[in-house]
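Given next, in structure tokens, is a single chain: the form predicted alone.
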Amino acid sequence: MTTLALENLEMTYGNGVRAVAGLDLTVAHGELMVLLGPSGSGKTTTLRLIAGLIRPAAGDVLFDGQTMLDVPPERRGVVMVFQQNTLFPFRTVGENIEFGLRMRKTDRQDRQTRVGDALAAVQLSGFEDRWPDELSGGQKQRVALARALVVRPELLLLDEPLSSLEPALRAEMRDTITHLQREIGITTVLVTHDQLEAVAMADRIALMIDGRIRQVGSPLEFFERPADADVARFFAGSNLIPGDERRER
């Protein structure tokens, strides 16, 4: 699996909006890093920079110490799961999952085996011949996850994968994602604006505000040692007491 490093990333859109500003972040081999922050903080833009869907104005994206700036998205070994499941409505569940394998010209027998294994991993064995419109929202997201994992990516990017689900389904899918990520050991970056979701899933959390990483640490560190008042306020702090630091001579 891959170690990811983002070095001084900058991204400004044509309308002058600076979406990512001097971002530095390292994600360890096999780690589940959660990018947490309010809407418009640059989280999804950061995922798109990692995937190679857009090119940074400055800075670098490195996999295992090697720059990816001139490597096209299809050769980076990255798979991205979006907020909407984006399944092909005219393909069965099995055909959806094997699509990436077909593009890689994997032989038929191997495709069938890997599709079966992927469905078993997301607890949907026997769903190969169903159509997407026959599935619940949670089942569609499971298929999207299976389609991502079946190609055995080096890096998995998840963009708000649970936000469109009902609370009960969100909890179920949260457990599915964390279980599979731990089992497979794939390096993963997950975007969310939900603090509870971040705490439940992350090995570490990177809090983004206004295109910048304000703090990186374990969930417990955010509760016990927030970096500043903005971090504490966003992360759950409701009792902020102003004071002056005084030191005895």
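Just count from 1 along the sequence shown to find any residue number. Remember, it's a predicted structure, so these values are computed and weren't measured experimentally.
This protein has a second form, the form predicted in complex with adenosine-5'-diphosphate, left out of what is shown; the following refers to that one.
The partner is not drawn, yet in the model of the complex one stretch among 59 to 67, 38 to 46, 182 to 190, 220 to 228 has residues with heavy atoms inside 4.5 Å of adenosine-5'-diphosphate: 38 to 46. Using a 4.5 angstroms threshold between heavy atoms, Leu23 stays clear of adenosine-5'-diphosphate in the model of the complex. Of the heavy atoms in Ala19, some are within 4.5 Å of adenosine-5'-diphosphate in the model of the complex.
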